[in-house]
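Take a look at this single chain in structure tokens; it is the form predicted on its own.
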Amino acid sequence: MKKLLIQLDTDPLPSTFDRVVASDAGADEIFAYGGVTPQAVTALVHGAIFTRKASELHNTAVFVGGSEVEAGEAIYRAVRKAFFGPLRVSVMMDSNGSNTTAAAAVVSAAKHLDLSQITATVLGGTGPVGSRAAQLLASLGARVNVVSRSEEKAKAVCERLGKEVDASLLTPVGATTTEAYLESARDSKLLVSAGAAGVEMLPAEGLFSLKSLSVAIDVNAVPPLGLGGIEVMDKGKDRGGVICYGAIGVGGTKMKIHHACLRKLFEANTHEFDTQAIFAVARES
């Protein structure tokens, strides 16, 4: 029986990236829908679950994507709500690559640090990748400075994440200058830069002035990179005593995680791959 992936994308045109990755991961056919809204989800999901026997539904799965993460989360909730009884399929949400990229960054850091014993700083910590990286780091026991240009936004994200992890491990920080970014990371062993594409958060001289820093990860691939002194291809590169990862260095791990999760979708019809579940797969991969 063919493995069918139902791709629900919130953008007008379904992502070719997600479709290619799904094909490479073993999906036989991908039914890609663009401009999907929560109101349209039930009919699409019921069309997937009513056409095969309950014992065959592990051969069908749903992938939620698109560039807008909040919109993707709404679709993910609607997909899960459309299931009932044994009539359900596995579903994965990875809008804008946020979950798999955050998982890859944290898995990379864990190769070099005991994350339960450190303070970490996430620049751009209220964005799709940054907030998820902060969540995963805190879930492992790290103390995390969640840095945003808006302190109110940082507080709101910490409050939301505090429902998933120990809220006492999260510290919201408002920062708009290089000096403020440096101060936020002054005592950190790990620095993750997850700001907007093409925005340098710290210049090289600032990054390497952080005496306590052991690992620096930049998930931005668009020049100028988020952290000066790191190259996009860096993968565990020692630069002046700091282990560095660039976006493509992290990206290879992200792709492995993405493939692994997609393959697992077809092992059972009960998987729900959100931030924590995707990270669990990442730690196994």
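Numbering starts at 1 and runs along the sequence shown. Not measured: the values here are computed from a predicted model.
We do not show the form predicted together with a further copy of the same chain, though everything after this point is about it.
Not one of 178, 237 and 247 is positioned with any heavy atom within 4.5 Å of a further copy of the same chain in the model of the complex.
Residue 68 falls outside the set of residues with a heavy atom inside 4.5 Å of a further copy of the same chain in the model of the complex. Taking the partner from elsewhere, residue 6 is found to have a heavy atom lying within 4.5 Å of a further copy of the same chain in the model of the complex. None of the heavy atoms of residue 274 is located within 4.5 Å of a further copy of the same chain in the model of the complex. Among heavy atoms of residue 243, none comes within 4.5 Å of a further copy of the same chain in the model of the complex. Site annotation in the model of the complex: the residue of 227, 64, 219, 36 reaching within 4.5 Å of a further copy of the same chain with a heavy atom is 36. For the partner-free chain shown, 13, 14, 15, 16, 17, 19, 20, 21, 23, 24, 27, 28, 29, 30, 31, 32, 33, 34 of 9-34 come within 4.5 angstroms of a further copy of the same chain in the model of the complex, judged by any non-hydrogen atom.
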